[in-house]
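A lone chain, given as structure tokens: the form predicted alone.
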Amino acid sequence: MSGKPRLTYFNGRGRMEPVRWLLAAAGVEFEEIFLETKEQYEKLIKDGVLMFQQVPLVEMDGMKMVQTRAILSYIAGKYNLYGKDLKERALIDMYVEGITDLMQMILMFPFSPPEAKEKNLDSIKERATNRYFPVFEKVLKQHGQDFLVGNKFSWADVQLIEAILAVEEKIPAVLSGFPQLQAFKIRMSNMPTIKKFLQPGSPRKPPPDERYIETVLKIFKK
């Protein structure tokens, strides 16, 4: 194994995508192993690699880390993306948790039955425009700074740009009433590490397709 972090997950976004985003934003190259079969997944469990029998799995700094939140906290701390003190860290945590709630709806959307898709899309739009995006619009407007916390690039900024782009894929005009977030999106998208991650051929994964959904369901089928 090289010195690069090694990520084990499906060949799709899911719960690993925020990890890919955060590593990329920090300028860290990584390797990926994609789970394609139930046998691969069961071998990881048998080998005792997955503490709670769940992926994502990230191997770095001699550790085999599971649980998305723990992985992201470690990466944010290691690469100075987690605020300068406990108060800033608490703010980052609050923002990240809020964004994660919205992203959970997007994460589950591809697995919705066809008859529920329109209703679920309406729910995503309603939550984004009435509950989550107004919070960040207000924060950015009140302090007038480029970043969410401490006027310094942090994990919260990475999580927010990921969420904005994910929602826009489904609801292109979702930012129409949020001028601060429109400007934030442009700023973040032009940061060198993020700009590189947004280019074709980067490790960023496309929206989930049928193959991804089938692979996930096949591996987790009882």
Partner chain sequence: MAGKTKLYYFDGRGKMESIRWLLAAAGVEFEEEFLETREQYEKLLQGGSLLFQQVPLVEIDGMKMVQTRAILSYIAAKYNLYGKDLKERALIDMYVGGTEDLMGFILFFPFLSAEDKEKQRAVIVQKATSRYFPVYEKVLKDHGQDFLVGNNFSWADVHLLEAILMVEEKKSDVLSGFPQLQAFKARISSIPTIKKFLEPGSQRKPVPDDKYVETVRRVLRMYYDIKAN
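Computed from a predicted model, the values in this text were never measured in an experiment. Numbering follows the first chain given and starts at 1.
Another form exists, predicted together with its partner chain; not displayed. Remarks below refer to it.
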Using heavy atoms only and a 4.5 Å cut-off, determine which of 165, 28, 63, 33 is in contact with its partner chain in the predicted complex.
-> 63
Here the chain is shown alone; which of 78, 152, 141, 125 has a heavy atom within 4.5 Å of its partner chain in the predicted complex?
-> 78
Here the chain appears without its partner; judged in the predicted complex, the stretch of 47 to 55, 184 to 192, 157 to 165, 171 to 179 with heavy atoms within 4.5 Å of its partner chain is 47 to 55
With the partner left out here, if you bring back its partner chain in the predicted complex, are 17, 43 and 107 all within 4.5 Å of it by some heavy atom?
-> no
In the predicted complex, residue 196 touching its partner chain (heavy atom, 4.5 Å) = no
Does any heavy atom of residue 117 come within 4.5 Å of a heavy atom of its partner chain in the predicted complex?
-> no
Quick one: is residue 67 in contact with its partner chain in the predicted complex, heavy atoms, 4.5 Å cut-off?
-> yes
According to a 4.5 angstroms non-hydrogen atom cut-off, is residue 74 in contact with its partner chain in the predicted complex?
-> yes
For the stretch 83 to 114, return the residues whose heavy atoms include at least one within 4.5 Å of its partner chain in the predicted complex, in the order they occur.
-> 86, 87, 89, 90, 93, 94, 95, 97, 98, 101
